[in-house]
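Single chain ahead, by itself, as structure tokens, in the form predicted alone.
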Amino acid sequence: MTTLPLRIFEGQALNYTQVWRASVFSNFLNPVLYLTAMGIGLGSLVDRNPSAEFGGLDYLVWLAPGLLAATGMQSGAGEGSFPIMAGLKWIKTFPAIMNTPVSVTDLLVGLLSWIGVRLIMICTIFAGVLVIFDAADIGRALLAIFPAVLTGLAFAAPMAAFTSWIEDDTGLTMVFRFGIVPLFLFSGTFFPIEQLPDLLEGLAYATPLFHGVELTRAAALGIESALPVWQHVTYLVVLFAIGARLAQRNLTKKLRP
């Protein structure tokens, strides 16, 4: 990273020092509550059903990597939306930054780099919780961090593009309500997508979270994914690249009219 994007990254990190304690606590508490409620609570009922198909795994073990990928999605979408809106509209730090030698590209690279570090923090904590719940061994839990972070970045860049395109936060609320939440529920996190109707199953295959869940589950459990690994990775990398390019274009229109 060159000097100017590093300054943006540094500014984001300094802001984070004011809230890191609460952030780390919630990043640890959320997976504990999810795995306790869904993995142990609901899982105890699911595991009693002999027709349940989770590759011979306990539901908690099967579920946990999917939740890790979904957490990457939610965190990436969150980091790529409201903080961007704040910089553009609410506290207007981005227009102020444009009065310095920092370019739009420098700004975006710094922001996305910080989001990547935040995703590593969040997913590492979640991976630690997987080990505590005996849902994965340490080596595989650490390996699962990488696809979960990639999933988060694949959502962060398009969300940054969308946020820099809209005029107010109403659109963000709609995206989370009608986009992120349905993806969380119907992209293979809680049950195999083969249990969906044929039409919805085909749609699920096209969702980015499905690819993230498959990659993360394969890494954490050592099982085969629905598609070759390179196809999942390519899908997510291309989505990130397209999102980053659109974000650069939209930010340039907003900040360098």
Partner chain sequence: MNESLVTARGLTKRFDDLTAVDGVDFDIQRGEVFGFLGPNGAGKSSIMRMIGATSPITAGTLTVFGLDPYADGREIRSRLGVVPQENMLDEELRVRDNLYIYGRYFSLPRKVINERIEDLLAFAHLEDKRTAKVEHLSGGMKRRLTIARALINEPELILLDEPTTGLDPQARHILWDRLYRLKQQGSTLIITTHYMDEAEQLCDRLVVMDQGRIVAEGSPRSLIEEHSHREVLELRFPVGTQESALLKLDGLAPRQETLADRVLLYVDDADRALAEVSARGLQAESAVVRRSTLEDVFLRLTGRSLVE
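Because the structure is a prediction, the values reported are computed rather than measured. Positions refer to the first chain, counted from 1.
What comes next is about the form predicted together with the partner chain, which does not appear here.
Within 4.5 Å of the partner chain in the predicted complex, all of 11, 95 and 101 (non-hydrogen atom): Yes, the whole candidate spot contacts the partner chain.
Thinking of the partner chain in the predicted complex, which stretch from 69-77, 141-149, 115-123, 102-110 has heavy atoms inside 4.5 Å of it? Careful reading of the contacts points to 102-110.
Distance check, residue 174 to the partner chain in the predicted complex, heavy atom within 4.5 Å: Residue 174 lies outside the contact set for the partner chain.
Is it the case that residue 23, even though its partner is missing from this view, gets within 4.5 Å of the partner chain in the predicted complex, heavy atoms only? No.
Considering non-hydrogen atoms and a 4.5 Å limit, does the partner chain approach residue 234 in the predicted complex? Heavy-atom contact with the partner chain at 4.5 Å: absent for residue 234.
Those residues of 16-35 which, in the predicted complex, come within 4.5 Å of the partner chain by heavy atom: Residue within 4.5 Å: 18 only.
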